[in-house]
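Shown here is one chain on its own, the form predicted on its own, set out as structure tokens.
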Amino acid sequence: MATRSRTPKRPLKKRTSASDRLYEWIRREARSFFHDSRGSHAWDHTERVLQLCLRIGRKEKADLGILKLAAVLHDIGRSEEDRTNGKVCHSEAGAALARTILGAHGVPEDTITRVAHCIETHRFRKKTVPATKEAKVLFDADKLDSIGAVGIGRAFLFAGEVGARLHNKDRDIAKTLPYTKEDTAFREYMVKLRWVKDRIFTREGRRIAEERHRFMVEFFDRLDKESDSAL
């Protein structure tokens, strides 16, 4: 008896929820702010921060919906800070822009407030402290991308963007200024990067930070030695 051939079933398409569609619209709008961004704070930085937020957020049982929005929007004010050589605070500018974008998409006010707080408090050099679990996760994710191998690469990239020289370990860092030829990767290490691991809030963030910090310290020690031998 002949057997009838079965038509293979097509895999069911995953339905996209309204919240997923909203997130993708906002993500695309956020990305539009990075067309002319400097490489040290380009969209790839945002994508790494997003992945770190999700990794840490799951461990911390944070609200991933809030985190995803905060992560993709956290640096949309960066171009204004770069344009003004640091006179505009990108976390404040970014929070204001995020409120406008989220409001235009009909996002509930409570969500807007929570996302804006994450963005407002993610900057290392500001005195505002993250008060929510999501804000602490975003802070940690953003800081983790500033240390380790990626962080070193970004520090040198930024130094090149502002015309800084390679190394200035013999200068009094307290007497150097940002956005000048003395704004080297080493200066960034001395004023910020070496302190990052002690400012991390979450357990998973601290675990990641320890390893990245060790690598970074070894690198700058090696840079000193190689610079001396080249004299």
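What you are looking at is a predicted structure, and each value in this text was computed from that prediction instead of being measured. Throughout, we count residues from 1 along the sequence that is shown.
Only in words, not in the display: the form predicted in complex with a further copy of the same chain, which the text now covers.
The closest heavy atom approach of residue 21 to a further copy of the same chain in the predicted bound form falls outside 4.5 Å. When a further copy of the same chain is considered in the predicted bound form, residue 161 lines it closely, a heavy atom lying within 4.5 Å. Mapping the unseen interface onto this chain, residue 124 falls outside it, with no heavy atom inside 4.5 Å of a further copy of the same chain in the predicted bound form. At least one heavy atom of residue 153 is located within 4.5 Å of a further copy of the same chain in the predicted bound form. Three-residue candidate spot 166, 212 and 219; every residue lies within 4.5 angstroms of a further copy of the same chain in the predicted bound form by at least one non-hydrogen atom. In summary, the region of this chain contacting a further copy of the same chain in the predicted bound form, judged by heavy atoms within 4.5 Å and restricted to 79-87, 113-121, 142-150, 97-105, corresponds to 142-150. Of the residues 30, 52, 200, 66, just one reaches a further copy of the same chain in the predicted bound form with a heavy atom at 4.5 Å or closer; this is 52. For the partner-free chain shown, 37, 39 of 23-39 come within 4.5 angstroms of a further copy of the same chain in the predicted bound form, judged by any non-hydrogen atom.
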